[in-house]
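We begin with a single chain expressed as structure tokens, specifically the form predicted alone.
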């Protein structure tokens, strides 16, 4: 399992490149997320656009990854496929996470938030 990371200003984009996040890789995913986000910027966006399947263990791993972030870090999601989006909506986790249609929108939302704060 692999996660790719890129930093854009105060935002770390973590891209999950696997097609599934399920019980078979949930622990490894959580551990790799912790490593990827360690000492990173305050804003972390997890790009799930390559993930077509997420079960309850995968959902638990995403929530656990959020809880493992430093106190000043926030986890947001981007690029949820239809099936993954359904899991977040059915479990009402869409109320816990900020969800963006894609990473470009997530990055633009940061710029808009900064402009609105001025």
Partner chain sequence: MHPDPLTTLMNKAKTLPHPTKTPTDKIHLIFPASPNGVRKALADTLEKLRFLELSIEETGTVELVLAEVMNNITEHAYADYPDGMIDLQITPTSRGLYCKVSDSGKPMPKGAAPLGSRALLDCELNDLPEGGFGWFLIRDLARDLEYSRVAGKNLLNFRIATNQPDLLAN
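Residue numbers count along the first chain shown, from 1. Since the model is a prediction, treat every value here as computed from it, not as a measurement.
The next section is about a form of this same protein that is not shown, the form predicted together with the partner chain.
Remark: none of the three candidate residues (8, 36 and 103) comes within 4.5 Å of the partner chain in the predicted complex, counting heavy atoms only.
The shortest heavy atom separation between residue 22 and the partner chain in the predicted complex is within 4.5 Å. Contact check for residue 54: a heavy atom falls within 4.5 Å of the partner chain in the predicted complex.
With a 4.5 Å cutoff on heavy atoms, residue 91 counts as touching the partner chain in the predicted complex.
Contact annotation: residue 83 falls within 4.5 Å of the partner chain in the predicted complex, judged by heavy atom distances. If you take 45 to 75 and check each residue for a heavy atom within 4.5 Å of the partner chain in the predicted complex, you get 53, 54, 55, 56, 57, 59, 60, 63, 64, 66, 67, 70, in sequence order.
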